[in-house]
Each structure stands twice: as C-alpha cells, then as structure tokens.
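Quick setup: one chain, the form predicted on its own, written in structure tokens, and binding and motion questions come after.
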C-alpha cells in the first residue's frame, strides 16, 4: 500500500514535466450551491488530462533494459495519451491498445505523440487481454492504467497540489474509473489535511465502485453504457480498492444528463471545455448530491478531451 512519502517522491520526479494546474471558481455556481467551490482544472494538463502524471512516473522508474524492450498499455483514451507522451519524452517505444469506440480525438493524439495503436472490442476485459497477449509475444513492459504503485503515486500528486493551493478545503470530490486518481489523491491529501472528506463520484450506469464501497468487496459489472468514456471500467483494481476503503469517506453517483448539464455550464459560463468524465465530480457539486451548504469544496476536472462531434450533439 503506497504512503504519502511515495506520492511526495513522485512529485519530485513529475513536477518539472507536468503543469501545476489552477483552481477555478464561479461566483454563479457558488450562489447556486451555497458552497465555496473550486475546480482542479486537469483539463489544462499536458495531454488534456491528469494521466500524464502516473504514466511519466511509471515509465521513468523502468530500468534501461526494460526501456529497450518497449512498453504496452491499454486505455479508452486519456491513459493512452499520457503513456504516449511520457514514452516520447523518455525515449521509449510504446504500443497502446484502445477500444474501437474510443473518441477519435484521443486516438489521433495518441498516434501523434508517437505510440502505435492497436484496436480491440469495447470492454476493459478485451483491452487487458490484448495488452497481455502483446506483453507475452513481444516482451513489452506493461504500464497499467491504475492498479500499480507507481501509477497511483503519480496520480496522487494532484492531491499535493490541491492541498498546497486550498488548505482550508473540507470536501474533495473525485471521479472514479479504475480508482487510480481517487486512491492516490486521497493518500496525499489526507496526510496533509486529515479532516478533509474525500468523496468518489461515478455515473449511475458505471457504479461498480459505488457498489463495491457499500458491500466492502470488489463488484464487477458488465461494460457500462455511460457518456463518461473514461469511467467505463467494469471494476476497480485490487490496490485501488484497498486504498479507497482506507481513505475515502463516501461514494455517490450522478446521472448522465447531469454530466451533460455540467459540461454546458463549463462551456457557457466558465468558457472551458470539459470532457464527460471530467464533468462527473463537478456535476455532483452542481446538483448538490451531498446535500451540504456553507462548505469549502474542490472537485477535480479530470480531463478535457471531448470529441468535437459529441460536443456538438450535446450542445
């Protein structure tokens, strides 16, 4: 199980490479919700999402022999881009397995960063199976999307930055797919600000972690049909689940329609583009799923890589 010191070491490595993304606020939203709300804008991060943090830290930890063998990853999009860019920066050959239904903007960016893309069926099982096959056949080193200590520590650097910029925070809301972002971030921020409540957010169709949290065991669901492509995982990882059960205070869900409404608010009122998964945690604040007021809240915008065609249809 990773500790705060693992995240702090990761921050030393990734800090020169990643952007320290800002906290954004909206007086209109504060008035609507009755809370003081900030958004951690990882849509402004390199590759347009937080995933570069864990990917860079993981690949930087490889030995020279491992780097020569090349790496393989599987992802619906943002981890793919993070791995591709990190591999390019570190001079490592990368192959990424992506579902055939991945947003074209994410596929194009992954290729432009220099990775070879291999397509598979649209499920986390299919992605993982093809990646494992390539690992066996080609000798590639795997770079998992979330269930890896280096990945978790890298993603946790988001929590260090939130604690630095918002020391009076009372609630932190985080979207949950495989659980890497919330697990690493919770480890970091709970060490610095022990009283903060960390809340995970999923969409209703992709509520595997919500169920797992309540049953206290990992629940696996069929491939979820949700607008939030970044959280179409079928279950959280073993490492991430253990950290979630130790550090996370609660799990909630939002409707896909609420996510779309949040995306519209970001674009029309705050003038920023946010992908569906990036709007999941903010949607829980906007619609006050927790039923709180007078609190200091931060919600993480995990990414901004929305396909232009999808954005047009939603608006």
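Numbering follows the first chain given and starts at 1. Because the structure is predicted, anything quoted here is derived from the model rather than measured.
Form predicted together with another copy of the chain: not shown, discussed below.
* To do: Given that the partner is absent here, state which listed stretch (268-276, 251-259, 60-68, 285-293) has heavy atoms within 4.5 Å of another copy of the chain in the model of the complex.
  => Every other range fails; the passing one is 268-276.
* Asked: Does at least one non-hydrogen atom of residue 5 fall within 4.5 angstroms of another copy of the chain in the model of the complex?
  -> No - in the model of the complex, heavy atoms of residue 5 and another copy of the chain never come within 4.5 Å of each other.
* Interface membership of residue 27, another copy of the chain in the model of the complex, 4.5 Å heavy atom rule -> Contact check for residue 27: yes, within 4.5 Å of another copy of the chain in the model of the complex.
* Answer with yes or no whether residue 1 is in contact with another copy of the chain in the model of the complex, where contact means some heavy atom within 4.5 Å. => Because no heavy atom of residue 1 falls inside 4.5 Å of another copy of the chain in the model of the complex, the answer is no.
* Indicate whether residue 13 is a 4.5 Å heavy atom neighbour of another copy of the chain in the model of the complex. => Residue 13: no contact with another copy of the chain in the model of the complex.
* Mind listing which residues of 280-315 have a heavy atom within 4.5 Å of another copy of the chain in the model of the complex? -> The stretch 280-315, when checked against another copy of the chain in the model of the complex, contributes 304, 305, 308, 311, 312, 315 at the 4.5 Å heavy-atom cut-off.
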